[in-house]
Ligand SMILES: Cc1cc2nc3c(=O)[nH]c(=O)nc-3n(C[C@H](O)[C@H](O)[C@H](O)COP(=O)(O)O)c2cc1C
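The chain below stands alone, shown as structure tokens; this is the form predicted on its own.
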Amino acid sequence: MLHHRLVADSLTVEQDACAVILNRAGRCVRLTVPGTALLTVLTCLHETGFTEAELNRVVAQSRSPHLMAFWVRLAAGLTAAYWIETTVLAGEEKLVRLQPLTPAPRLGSVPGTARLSDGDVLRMAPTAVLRFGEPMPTLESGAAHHVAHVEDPRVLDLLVGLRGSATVGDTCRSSALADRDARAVLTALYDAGLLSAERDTPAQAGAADYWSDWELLFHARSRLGRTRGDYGGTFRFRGVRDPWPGIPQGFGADELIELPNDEGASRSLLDVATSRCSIREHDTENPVTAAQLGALLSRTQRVRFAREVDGYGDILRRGYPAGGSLYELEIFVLANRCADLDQGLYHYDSAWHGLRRIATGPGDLEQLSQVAQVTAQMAEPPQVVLLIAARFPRVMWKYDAVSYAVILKNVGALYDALYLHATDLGLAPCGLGGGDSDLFSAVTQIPYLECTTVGEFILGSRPVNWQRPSLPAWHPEAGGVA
């Protein structure tokens, strides 16, 4: 048995116009309905919900011959647009509740239309994730517009039975649930896109095959449309915890190694942007200098402005854009071969434009360097590696759902600034696509959940005779990539 409820933050009835206004997650819908009987149905659906049997009684009491036909069409539209929450019941017991996510701007498919046969083989959808948390486990997927809240442990046993080549019939017969209830649960989860059938065609799977479950879930939950709960700059910890300061304290030694200021001339932006290139070779005879390193850090990471805003924390300004002007990224310099700078690991103090040495143990520098070298596929160890670490609470104090996505966008902005200015300075830049955050935490002894690496950038001196590889001539009319 299915129980339906209208999910809306508010429902306003306009008796004179015979209409209701639904509001949820920033979306507003005005529905004009024929007669007050349907207004009563919608109000009841929002306040308490009802089963199909209960709806039939309401319709019968209204004595309106057209009410049921109109309601069926309206309910189908609301369900397809993710305004209706459905709970599968076994008598009075809740089995599973399908919570719709953000209302869809366009209608989708209507859940409840699938027909599963005894011979169908069902499995968990490839991108579905079963999470055990309070107050109940949830089954969700970045490909689905619903989250399933498991209300009864027998549903978990039913899901465990979806292994190998077990058919719907076999699964239902071996379930602790009654056959009808087990089928209702499987049908609801299949309609919601949380289960897949062996008979589904490749076209039904499509691009979903390319996604890993956690990547798709991260994408869906950090974008409007399939979010859960609050979204964006809600300042969710304001009044609960103090915001993290914009300029950190306690990274590295007290002694500051001052870096030279940037006094060099710049080429045109067009020239730099079109000549930018990842370079994985360094001039072994003439390594990058501390002055060049200082110029690059001064142009990109140095704090140019800082101000405390009451109730909001510190805002900063650096040489690249950052979400909320929070600038949570810190640069740690791994210097293997840098003229005028001892080998070691340093934190760049962006307020005072200098380096503070980080204490390391035997072999630590070699391990950090080797990860970067292997990732970049370089023949020799890189001269300098910029380890870009995020102070996560600095962003998460403000943002809901999008914090880590904002951090990664900020990493991209910093990468671009480093590429452009390193090119302008005649250096050899190379951004990396991965690194070892656990190793960074182990070496620096900075707690992993507070601050660790989210990006790595190799820097070195450009070989004297290095030339950018020439690209073959290409035109879009050629019909392909040369």
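Treat the numbers as computed from the prediction; the structure is a model and nothing was measured. One-based numbering along the sequence shown.
From this point on, the text means the form predicted together with the named molecule, which you will not see here.
- The named molecule is not shown here, but in the predicted complex it comes within 4.5 Å of a heavy atom of T375.
- In the predicted complex, at least one heavy atom of R280 sits within 4.5 Å of the named molecule.
- Residue contact with the named molecule in the predicted complex: L432 places a heavy atom within 4.5 Å of it.
- Within this chain, R228 is remote from the site of the named molecule in the predicted complex, having no heavy atom within 4.5 Å.
- Listed stretches are 37-45, 50-58, 411-419, 438-446; the contact stretch with the named molecule in the predicted complex is 411-419, by a heavy atom cutoff of 4.5 Å.
- Interface residue among R317, R276, R123, R183 relative to the named molecule in the predicted complex, by the heavy atom within 4.5 Å criterion: R276.
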